[in-house]
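This document starts with one chain, in the form predicted on its own, laid out as structure tokens.
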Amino acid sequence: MSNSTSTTPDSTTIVEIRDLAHGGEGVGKAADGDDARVWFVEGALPGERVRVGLTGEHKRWLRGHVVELLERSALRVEPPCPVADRCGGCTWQHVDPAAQAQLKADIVANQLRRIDLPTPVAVPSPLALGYRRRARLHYRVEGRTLELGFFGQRSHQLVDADHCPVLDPALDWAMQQLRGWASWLPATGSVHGLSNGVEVVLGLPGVRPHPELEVAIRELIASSSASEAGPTLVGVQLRGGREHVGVGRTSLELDGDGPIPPVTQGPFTFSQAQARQNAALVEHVVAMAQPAERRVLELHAGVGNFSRALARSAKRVWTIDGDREAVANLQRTAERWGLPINVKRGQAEKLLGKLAAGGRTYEVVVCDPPRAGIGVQAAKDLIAVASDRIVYVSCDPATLARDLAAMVGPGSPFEVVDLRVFDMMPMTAEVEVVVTLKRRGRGSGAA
């Protein structure tokens, strides 16, 4: 192969974009020259012709960013955020919000193309802005001035912003209050925030308790609670070394509308980024699991986002997760609402291995692992443990493809009957995929 196209760090290359990669980068080839390597271009969309600056090189591919837009896609829009060209928090602000869900479904279909699967169904987000109820921002303190925001694109350079249009308005307001506490914070750090739309809790890792800081926090809690019009800060968790101190109330009840009990969350435990789309996700997972009067095993259960809904009709739900705080929160939820849930702390993949080796089975298994997935061996154990249905929730199409290949390969007793792609985080390339598998030869029932 000849690589005659100029790709020095100071050069640019005209690239024609034909597709999108996992992660949201445009995929294309150089428009001239005979370098056959694939380009991955940040900020480019299918159908565009762009001038690209080189940022990375490999013998099989090149990576770059858009320097000049030569031919524009109809899907390109003006970003709603004034720092979108620098901030790394939302890398899809240039993409038409109405098109984002289908583009993500196309990315998932491409990642899973080597597996015999139904066409993925895209589930658009009901909101494009102001939806994000959970976030982690970074800060830097110089004197009495605090800069606050996400890291920049392709860097760890902080992009200071006094407003983030993607954040839930209450969370956006609460995050900005951190600027008033600069005198008591370390030179650099991060802040975790969680909102229920009105109330907010914050978490400050690496921050030791300080009497003056605690007074300032309590004053803000009191003043915001007294206001009937605006959002309310209800508490802050300080975690400096081994010292964990809560100022005010440091947890919220989320997603408890209707007949499903709420989950209890703090700023340091995982929750889905938005409430309305999460409600749709939970509803779909329960519908696919068909838990009524069945024994359900839930892996990587977290605080019980699915557990509380599954337990409403299941004979019993057995859960496992490795996060100590999440497990404790789920245990309290189960006890408070009298739910038939057995809560265990441990490693889900090890448990699967033990269950498979011992011939133990559950009629339904729901699995919601972190980005790394469960791995090939655990995927093989999973199809041995599930006697009827598997619902696998994934935030990473690449690791999902690896795990699915082990579950539905030649000779597998399972087949995929439903594939949904939820746009949980608009303005980013992040995606939530739900795959439903059913043991072959069982009654058709619902999908």
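Numbering starts at 1 and follows the sequence shown. Note that the structure is a prediction, hence the values are computed from the model and not measured.
The following text describes the form predicted together with a small molecule, which does not appear among the structures shown.
The small molecule: the contacting residue among P126, P80, G346, G180 in the predicted bound form [heavy atom, 4.5 Å]: Spelling it out, the residue with a heavy atom inside the cut-off is G346.
The single option of L352, C87, L194, A301 touching the small molecule in the predicted bound form, heavy atom within 4.5 Å: None of the others qualify; the residue that does is A301.
Candidate spot Q272, D321 and D368, all three touching the small molecule in the predicted bound form (heavy atom, 4.5 Å): Contact check passed for all of Q272, D321 and D368.
Residue stretch of 96-104, 149-157, 354-362, 302-310 approaching the small molecule in the predicted bound form, non-hydrogen atom distance within 4.5 Å: Partner-contacting stretch among the options: 302-310.
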